[in-house]
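One protein chain, two forms: both are listed below as structure tokens, the first as structure 1 and the second as structure 2.
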Structure 1
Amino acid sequence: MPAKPVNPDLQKERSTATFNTREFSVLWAGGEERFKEKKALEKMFLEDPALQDDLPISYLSHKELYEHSLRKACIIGEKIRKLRADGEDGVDTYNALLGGSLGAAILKEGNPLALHYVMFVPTIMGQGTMDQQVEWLSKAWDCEIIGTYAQTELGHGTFLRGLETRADYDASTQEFVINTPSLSAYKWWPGGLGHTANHAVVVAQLYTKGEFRGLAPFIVQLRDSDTHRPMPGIDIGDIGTKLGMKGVNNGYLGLKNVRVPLNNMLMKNQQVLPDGTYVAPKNSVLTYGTMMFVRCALIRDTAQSLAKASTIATRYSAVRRQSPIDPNQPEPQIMDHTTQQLKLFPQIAKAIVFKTTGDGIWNMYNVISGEIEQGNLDRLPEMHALSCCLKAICSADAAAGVETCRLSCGGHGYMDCSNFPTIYGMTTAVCTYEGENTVMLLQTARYLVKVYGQALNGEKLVPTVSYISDAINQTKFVNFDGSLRSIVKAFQFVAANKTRIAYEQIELRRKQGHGTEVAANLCGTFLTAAADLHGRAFLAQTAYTELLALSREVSPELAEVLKVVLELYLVDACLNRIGDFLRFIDLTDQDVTKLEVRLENCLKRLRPNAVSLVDSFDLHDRVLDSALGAYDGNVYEHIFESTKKNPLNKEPVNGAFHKYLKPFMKAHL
């Protein structure tokens, strides 16, 4: 609870809410128990003075920030140890502390130990034999060793077969000899690799008996366990400053004739025998599973980014007053400008829809990965296609939404004390990592085109693409009556037609003599457009199904609000792709105007609950870390407080005046 009285404009907003924010907060947290756990964790971590910053980290140099981050990462690590000793099993807790909101509240530019917990340990668990797990896990679990995961290289990312790092097995000593054959083969990007980790899982091209065997993971010791000096043959360091994730200590790694014992290759899936005989893996489905898992998790993260950004911008827009609407009236809260509402409210709606979709696809992932474990791979391609395009769409929309929120706060959004720059840095990164967005859309599109061919052949399609068969049997979309259901159906019809066009364009180019792959490349922009609409149709459908289902479970007051959110989301999504709608569905100018007026109407209906909706996201002030977005709404006071911490302001006259400015000003006198 805030110590200062709440800004009266913000107080007024809260008093006019038509629903109970706590009801929504509990729902958002995943139920009463989760809600209480969240509050307890926040208390434990955010009230610890050792984890608070006297000086905002934006004032630190890169080197200072690293040292600061490592200090806090070790405190968090120590707390995790204690929690574990107390019997806390921890998976949710670790996620919250390392990747989630809570982690971001403590180390907003990332944790240099995070990859140890979320990649190094899980890789050993997933790819090590039982014996290897016994050998390495206890050390890793206790943080006796700190590891990271080194796969991407300076010159190679998406295309794994292009990796250059190589491991040659030397049967005479039963060792692998690992080398970085060129500059572009340097490992690049792994978090914590720079100066933190002393071990890494290094992914390399395996050669045994002089033959190439494909990629394999090796545990490599990078630094001496006592002195932390780089081991012989290891060239290692920090890759430098970045747009965001500034505290992560992303590193580079070159290896020169680094020898590791046979047993350092993780051998659960493939083996090298002492004599160099290679035993190939049975299948590579498991890797798909991990990637899907990560992408599903990222969809939830994008919802969290939007929740943060929209909370800050909405609270600020309730407090900030500017530009009279009626020249005879005082300046209104800027949230009363319709143009401002159009910037903010769709982001709130997207936060809710992405969260709902993220939860939904998470459940779907669990069902399907259960099926996979039982050897049923039927739904794997469908799930893969869906997770790819949703990762791309949600991250791109979230990044754009964060910037829309920032820009809606005018100049003040540009200040680091708004926290928008950091939120953007973290959010836009999702567009690139774990599968670059365009690559993701192309993967989805390849699936869609294949499925389209099956549908043409009359084959029955799996649930999430069955709308394609429907559209093939329906040359014209009828009955667009503007109902939410018909908007969802129209989205599917439009998506099916975008896939049709991509399919037809590829066929056309094949008939012109191009091979399938070249034809697909020529049609790249048709393909990404089809995948985009597939994902958006799924989002529309999920929003419709899930939010209506939810509204049947909650109080009538909250149900009303959720329905406005749903309508706003769908009408806005439709208008954002109106070109595609008009292309495939007979709509008149007046129909479009009607949708636009309806959007305006949705904004008006959401307006009284805007602040309470973002309050319901229940983001702790430390999570928001924003002078513009604090719960108490004392925006100008918080901004002003932040300037008092600025090291430049600790001295009335900066030394550079005497050194440079005064001599310059007096030079001609």
Structure 2
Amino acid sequence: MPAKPVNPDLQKERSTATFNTREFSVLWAGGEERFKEKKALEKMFLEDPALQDDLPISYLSHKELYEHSLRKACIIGEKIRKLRADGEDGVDTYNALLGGSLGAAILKEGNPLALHYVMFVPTIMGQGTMDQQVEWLSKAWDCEIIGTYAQTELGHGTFLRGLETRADYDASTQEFVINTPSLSAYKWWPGGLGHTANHAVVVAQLYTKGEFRGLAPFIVQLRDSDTHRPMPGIDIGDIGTKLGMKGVNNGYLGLKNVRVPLNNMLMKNQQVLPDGTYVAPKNSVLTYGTMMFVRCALIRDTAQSLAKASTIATRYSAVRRQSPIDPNQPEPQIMDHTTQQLKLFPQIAKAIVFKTTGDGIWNMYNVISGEIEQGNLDRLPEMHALSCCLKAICSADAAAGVETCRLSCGGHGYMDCSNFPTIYGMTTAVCTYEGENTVMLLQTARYLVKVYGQALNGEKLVPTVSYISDAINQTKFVNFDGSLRSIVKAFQFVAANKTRIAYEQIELRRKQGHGTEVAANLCGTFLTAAADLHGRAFLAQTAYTELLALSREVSPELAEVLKVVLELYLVDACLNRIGDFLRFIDLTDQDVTKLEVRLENCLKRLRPNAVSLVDSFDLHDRVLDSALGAYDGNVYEHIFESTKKNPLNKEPVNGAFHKYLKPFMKAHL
């Protein structure tokens, strides 16, 4: 129970809801068992005094914040050890502690040990042989060694073929000699690299017998196991302050003639024999499995970001009163303004759709990973294309949605105590790491152009792109009746035509004499537009299929709310791309007006349940960490309490007055 009485406006919103919030909370958590596990984890971690902050971390220096974050990270790590010993360290536990929910409550600016768990360990599991896993995994799981993943360089990021770090095999000693030959070759950005990790998976260009072989991952010891001093040939440190993720200890790494044993190259997919003979992987994309894994996880993280931002903004909008709608009436809750609803409610809907889609993509990844283990790579390109475009779309929409929620809270949303600055900093980072969004869309577009050519040749396409064949066979969209199904079909028709245009533009450039890569560059805007619409068509289809399926499994009251959420999401998504719809589908002015009126109607229908919907996300006050979004709704009291924690307010007169201001004021006397 909250310590203070609940704000009466917020309490009224909850008492008039038409559905049971706990029912949706259980659904959001993934079922009753996971809901109980979530509550147990919150009790274990959030009630530990050692994991609470006396002083808001925004008042700490960069050095203090790192030391503070590492202390907490080690406590979390110790608790994870206990959970592992008890067999309770499932994927959901790591997602909660290292993702955007429980972990953010403990470490607002990120965990310096996160990449150890989400990149270092999975890379060994995914790219190491069984013998290498035996050698390294137990040490990594027990944190006897702390690792990170060093791929991005100062001069190169998403374009992996441009990486400069080089590993030359010396057959005489059966060692690799690793170098960063220039400043731009320095590894840059890996979390925990600065002062935390003592090992890293270093991605380098491999050379054996004087020949270039491609990229390969190497386990490299960075620091002495006892003293933590850098190993010979290692130049390492922290890259400094950033917009967000300030506690992650992102680092730089230079290597000069660093020698690692032959067996330190992870060789599940490719091998180097003792004499330097190179055995190529069956498929080069197998080496990118770790990044695909992380991208799938990030889609669900974006849903958490939107859930947090929309919860804060919606609760605030139920408490804040301003600007009379009727001059003869008192100031209303700002959530009664239709314009405010348009800012908030689509973000709630997107959070639900992104979570639903993220769960589906995660399950799809696990199925396809199993197929890959059996040597079946048929669906790998499809999975890669989907994970790329969905990571790009969901992160971009989430970052924009967080900012919209901040703006909806006026000036108070600009304060640190709102937690919007931190949520935005963490969310917008996803637009860049694990593949910059534009590059991700281009990756998807390559796949789409390829399958469009296959469809023209009459080949059968996999289900997620089968709509392209449908559009080729039926060049005109008929019977747009405004139903949700027709909106989904229209999205697919528009996406297919965007892909058609991209395909035709590339073919045109080829006929003009340009090579494939130059043609793709010249058509970059066509390609990214096609990938964007493909991802949005997939989101629309998933929302339609999954939310209707869920509505058949829950109570009638919750089912009605989910149907409104679905309609709001699809109508809003359609109107946001109305130019593309008008281009390819014969919509009239009346059709568009009907959609706009439906959007307003959806907002009106969702209004009575808005607070209860965000309550159903079941975000602990520590997770939100917001004066504006606390469960009790006592916004102004919480804002004022935050000022009392400000070190500047600990003394009535700051020393700078006597040192600077008073002499300045008296100088003319």
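Since the structure is predicted, the reported quantities are computational estimates derived from the model, not experimental observations. Definition used throughout: the rigid core is the maximal C-alpha set that superposes within 1.5 Å between two forms. All residue numbers here follow the sequence of structure 1, with the first residue given the number 1.
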Form predicted in complex with a further copy of the same chain: structure 1
Did residue 207 shift 2 Å or more between structures 1 and 2, C-alpha, core superposed: yes
After a core superposition, would you say residue 141 shifts its C-alpha by at least 2 Å between structures 1 and 2? yes
Does the distance between the two CA positions of residue 481 reach 2 Å or more between structures 1 and 2, the core being superposed? no
Provide the displacement, in Å, of the CA of residue 266 between structures 1 and 2, taking the core as the superposition reference. 3.8
Supposing the core is put in the same place in both forms, how far has the CA of residue 173 shifted between structures 1 and 2, in Å? 4.9
